[in-house]
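The chain below stands alone, shown as structure tokens; this is the form predicted on its own.
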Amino acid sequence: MTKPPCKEISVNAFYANSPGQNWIGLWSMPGSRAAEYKSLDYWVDVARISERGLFDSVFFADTSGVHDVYEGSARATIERAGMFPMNDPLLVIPTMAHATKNLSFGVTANLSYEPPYALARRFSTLDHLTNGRISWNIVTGFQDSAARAMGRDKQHEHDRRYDIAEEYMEVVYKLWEGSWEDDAVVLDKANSIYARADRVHEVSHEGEHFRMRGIHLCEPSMQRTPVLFQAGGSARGRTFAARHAECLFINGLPSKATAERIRSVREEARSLGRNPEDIKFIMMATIVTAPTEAEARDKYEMISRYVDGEGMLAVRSGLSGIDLSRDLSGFVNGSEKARGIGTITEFLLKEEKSLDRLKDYAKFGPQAGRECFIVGTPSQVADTLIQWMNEAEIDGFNLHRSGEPQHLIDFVDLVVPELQNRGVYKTAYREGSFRNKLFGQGDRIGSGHPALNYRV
């Protein structure tokens, strides 16, 4: 048995408000409820299963455009449900929160298309409605299709997007942390005074990318600033994460290389005055499990039959910015530049065998992903998860959909008890906000974080 890590494994259910997500085509698998994504009953069931398994959160990915890189069109994406259709994930969270008590929620929101004043209000509202159980996955966008839909010719260049994001964060921190003092709300019914005007302040900002003056419309929520997630894998993205992120998604590397990257981010965070342990690192994982090896293998073979090859290539083309329907030599030799997610493009171009055999990207298996991929008994799954925790120095996993919601039920009923028996998985939730459940150090953002520079 693998030696257990000294820290508790964090687990999130990874979803999009869409019938098709990472493993394209599984909406058509017998028993799948993915096509019910338009129903609140479906999302309430997902939330209740996740809370029964003591998951930290249901985390929502999102996109602002259609994957239209493959063959230069959106045909395959539309036909194969390749992260399409895609409803707004934010709107289902209040209902899911109302149906649960401790489960938290993450939502991806693109800062490129919404003024910081409006986004700050939305997340404060969510923090109130969920009683402090909300997080924001900060993204800057990568799709030219999204930019065109929003009235631009194309996305800003990669590093410029992060320059804009840095200033964006300054504005939302001012609003969340600096507009209302903690004792501004008095609820004085006798004198009909709800809040003290001298404790509520107008925020002003004059910068290169943003200009605003206004009072934050929401009174202080439990967390004020939501828990901050980020998925930047590029050098510029990692610098942004070291400054701002409380949780960082990391993928695409073997376990020891992952550990090296994590140590580099922690050291950069330390150099910026943050406690490096104030950042958790989360790995993507696909898990197929059953009571016996034979049953797990049979389940894997069954799932594999429903993965749609063309849909897989269409989504991976969109994510990488590389049209996998055509000759890729220009991208390999550097004469052509991909406009996708940097870490996915880097992974694709470094995997020579994948360029020679694009069918690998159309299969259900580890060769198509940048993640932990496990097929086995609960004991074997636990061994591998613990091994990743030890070798990669990560803090937990986002569970990909693989025939849901049965994949959640299998993990909750089979793997969670195994992990609990080994002492590496919680047996109850902590009290308080999402931030306190994760770190156990209170509801507000930790010392050394740049958001505190703007607190009244």
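As the structure is a computational prediction, the values presented were derived from the model and not from experiment. For every residue, the number given is its place in the sequence shown, counted from 1.
Beyond the structure shown, there is the form predicted in complex with a further copy of the same chain, which is absent from this document and is the topic of what follows.
Open item on the list: Looking at 257, 149, 302, 235 here, can you tell me which has any non-hydrogen atom within 4.5 angstroms of a further copy of the same chain in the model of the complex?
Closed with: Filtering the options by heavy-atom distance leaves 149.
Open item on the list: Exactly one residue in 51, 418, 62, 393 has a non-hydrogen atom within 4.5 Å of a further copy of the same chain in the model of the complex; which is it?
Closed with: Contact with a further copy of the same chain in the model of the complex is made by 62 alone.
Task: Option from 25 to 33, 383 to 391, 408 to 416, 51 to 59 whose residues, in the model of the complex, bring a heavy atom within 4.5 Å of a further copy of the same chain - done: This holds for exactly one stretch, 25 to 33.
Task: Contact of residue 308 with a further copy of the same chain in the model of the complex (heavy atom, 4.5 Å) - done: Because a heavy atom of residue 308 falls inside 4.5 Å of a further copy of the same chain in the model of the complex, the answer is yes.
- [ ] Would you please decide whether residue 208 lies within 4.5 angstroms of a further copy of the same chain in the model of the complex, comparing each non-hydrogen atom pair?
- [x] Answer no; every heavy atom of residue 208 is more than 4.5 Å from a further copy of the same chain in the model of the complex.
Open item on the list: Taking a further copy of the same chain as it sits in the model of the complex, is residue 430 near enough to touch it, meaning that at least one heavy atom pair lies within 4.5 angstroms?
Closed with: Residue-level check for residue 430: no, no contact with a further copy of the same chain.
Open item on the list: Would you classify residue 46 as touching a further copy of the same chain in the model of the complex, given a 4.5 Å non-hydrogen atom cut-off?
Closed with: No, residue 46 is distant from the partner.
Open item on the list: Could you pull out the residues of 55 to 81 that have any heavy atom within 4.5 Å of a further copy of the same chain in the model of the complex?
Closed with: The stretch 55 to 81, when checked against a further copy of the same chain in the model of the complex, contributes 62, 63, 64, 65, 66, 74, 75, 78, 79, 80, 81 at the 4.5 Å heavy-atom cut-off.
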